[in-house]
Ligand SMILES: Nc1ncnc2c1ncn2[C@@H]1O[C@H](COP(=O)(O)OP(=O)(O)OP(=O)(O)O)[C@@H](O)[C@H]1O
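First comes one chain, alone, set out as structure tokens in the form predicted alone.
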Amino acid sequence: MLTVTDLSVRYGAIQALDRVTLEVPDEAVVAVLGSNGAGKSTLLRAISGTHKLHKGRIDTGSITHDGQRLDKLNPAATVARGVVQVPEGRRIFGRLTVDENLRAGGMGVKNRRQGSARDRVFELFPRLQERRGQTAALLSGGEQQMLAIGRALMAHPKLLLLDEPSLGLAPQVVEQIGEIILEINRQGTSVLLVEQNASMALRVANLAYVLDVGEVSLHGSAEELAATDQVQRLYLGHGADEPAGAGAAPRRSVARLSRWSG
């Protein structure tokens, strides 16, 4: 389990997160919703240890995963612990081929494990196998997002941090990304999903949190949050007078949702 407790992060004089607390249970998908500037990316940067690259600092709080503190580690050590981030904007190596990008993601992993990870990536993304020798910059937006996720999977993560994976993608591709997130989770990887596309996020998540100007304003099961007036109005585009079921209800079963609702 990932546990974030009373986390406060600043960029100079700007308070980006203010005493944020959340949990990602093992084998769960947890969504974090919020508008631009709510602190979603800052949360992932703090967990992955990359906040310092953006001149951020943790003022208070702690981050633990599998009983180990992450907030004292550098990004490479965090990856070695099994926590890997896919940053917003994909950030692939455009001049390298698909295969070279994947090998970069597997740096530090033994060759035998690199092979099994690559097989997993190509099973999830057959398109990448077809284009393994192609320069990454020539891939479509959806293919680049698949490559960014695949590169992260090369490190055999226990917890995958996804920052806006649907950004700039066509609705059909967004649907595919959602299905891939579910499949990655079914294979045993927990996922913390930061996403402005609340409809997709709440379909694939067990639990959800809403960040509002650096603070957690709502949290609960994805099904519960999808039914609230605030989420319906602000993130799903429905008026308060519409029935609660008018939003994008998660496709997971209620029985599975209840597993995480406590």
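For every residue, the number given is its place in the sequence shown, counted from 1. The shown structure was predicted, so the numbers you read here are calculated from the model rather than taken from an experiment.
As for the form predicted in complex with this ligand, it is not shown, yet the points below apply to it.
Trainee: Going by heavy atoms within 4.5 Å, which of 202 to 210, 219 to 227, 66 to 74, 38 to 46 lines up against this ligand in the predicted complex?
Mentor: Answer to the contact question: 38 to 46.
Trainee: Mind checking whether each of 91, 130 and 138 has a heavy atom within 4.5 Å of this ligand in the predicted complex?
Mentor: Checked in the predicted complex: no contact with this ligand for any of the three.
Trainee: For residue 24, is any heavy atom within 4.5 Å of this ligand in the predicted complex, or not?
Mentor: Residue 24: no, not in contact with this ligand in the predicted complex.
Trainee: I'd like to know whether residue 143 contacts this ligand in the predicted complex, with contact meaning heavy atoms within 4.5 angstroms.
Mentor: Residue 143 lies outside the contact set for this ligand.
Trainee: Taking heavy atoms and a 4.5 Å cut-off, does residue 62 contact this ligand in the predicted complex?
Mentor: So residue 62 does not count as contacting this ligand.
Trainee: Check residue 54 for me: does it contact this ligand in the predicted complex (non-hydrogen atoms, 4.5 angstroms)?
Mentor: Yes, residue 54 is a contact residue.
Trainee: Which of the residues spanning 163 to 189 lie within 4.5 Å of this ligand in the predicted complex, based on heavy atoms?
Mentor: Residue within 4.5 Å: 164 only.
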